[in-house]
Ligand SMILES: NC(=O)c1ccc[n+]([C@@H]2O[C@H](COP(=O)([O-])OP(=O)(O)OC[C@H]3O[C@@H](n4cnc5c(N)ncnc54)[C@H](OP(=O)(O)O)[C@@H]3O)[C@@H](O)[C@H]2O)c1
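For reference, the chain that follows is the form predicted alone, supplied as C-alpha cells.
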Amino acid sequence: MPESVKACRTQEAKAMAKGPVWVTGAGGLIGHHLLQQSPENRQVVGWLRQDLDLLDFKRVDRFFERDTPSAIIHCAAMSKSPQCEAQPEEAHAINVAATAHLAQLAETIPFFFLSTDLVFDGEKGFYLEDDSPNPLNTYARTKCEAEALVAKNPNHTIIRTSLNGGISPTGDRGFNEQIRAVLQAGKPVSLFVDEFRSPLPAIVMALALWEMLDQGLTGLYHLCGSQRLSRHAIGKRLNQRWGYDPSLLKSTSLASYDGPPRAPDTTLDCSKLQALLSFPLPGFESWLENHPEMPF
C-alpha cells in the first residue's frame, strides 16, 4: 500500500474514532493526575493493574475490541530501579512486551508512551531529543528498548520525562512522597549533591500531555521542569515547605555510592515541546513558591 494512502487511512481512522482515551497505570502518580485533569469533552478510562493485567494479552485484546479506544496514554511501568535490577525478566515483560503489544493494538490511533531521562548516561546534561541514548541500568534499558519499538510507528508519540512529584493514590509514587515518608518517621535521608534532574509536578505533566494529544503531536519529545537541581537541593527545598528537622537531610556524593550505575546529570532540553505548548514549563522552586495551597 502506498505511504500516502496509508497515511490517509490512518487519519481517517483517527477522525472516526469515538471511543474513550485509555490511561494505563491509573493508580500511579501521572496516570492519577491525567484522570483528574482530563478535559470535559473527553471520555477517559483509567486502568488499574487489578482490573486489567497488561500481560494478559488476550484479555487486553478483548477489552480493546469492546472499548475501541480513540487513543492510549501508556503510563504503566515497573519504574523503581532497585526492583528492576532484582527482577529483570519481569521488568522486561512489563516495560517492553506490554508496551509493544499495546502499540500494535493502537496502530491507527494516537499512542503516547512515557519514557525517562535515564535513557541517557548523564555525562553531559541538557539532552536534546536527537542525542544518542546510553542507558546504564535495567530500568533505563527496558525503556530504551520500548522506545525503539514504539518509534516504528511514526504516528505514535514518545515522551521522556524526569522526576515527577505530587500526591499519588498510594502515597508512595512521587519522589516527594518517598522523601517525606522517611523524614516523617524521624529518620535521616541521604541525597546526592552531584546527581542532577529536572523535576516537574505531575499536575503540569498531565496538563501538557492532554494538550499534546489535542494537538495531535507525534514523534519524540522531552517533557520536564525547566530547572536543573541536585537531589539534595530538591530535598532541601521540599523540607522548607514541610518543616521537618533539617539535620535529617544528609548530603552524599556519587563518588561514595556502591550500587548499580547512576547517571549524574540527565537534565533535558525541552525547547522543542515548549515551543508548541500554550504555557511555560515551570522551574520546580518557582512552582512550589507559586502554589503554596497545592498538596505536595
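For every residue, the number given is its place in the sequence shown, counted from 1. Bear in mind that the values here come from a model prediction, so they are computed numbers and not experimental data.
The discussion below concerns the form predicted in complex with this ligand, not included here.
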Proximity to this ligand in the predicted bound form (heavy atom, within 4.5 Å), stretch among 211 to 219, 126 to 134, 113 to 121, 187 to 195: 113 to 121
Within 4.5 Å, heavy atoms only, which of Ala140, Ala77, Ala206, Ile73 is in contact with this ligand in the predicted bound form? Ala77
Taking 4.5 angstroms as the cut-off for heavy atoms, does Leu55 touch this ligand in the predicted bound form? yes
Is Gly235 close to this ligand in the predicted bound form, meaning a heavy atom pair under 4.5 Å apart or at it? no
May I ask you to check whether Leu29 falls inside a 4.5 Å heavy atom distance of this ligand in the predicted bound form? yes
Although the partner isn't part of this model, could you tell me whether Arg42 comes within 4.5 Å of this ligand in the predicted bound form, counting any heavy atom of the residue? no
If the criterion is a non-hydrogen atom within 4.5 angstroms, does every one of Arg228, Asn239 and Met294 touch this ligand in the predicted bound form? no
Could you pull out the residues of 152 to 171 that have any heavy atom within 4.5 Å of this ligand in the predicted bound form? Thr161, Ser162, Leu163, Asn164
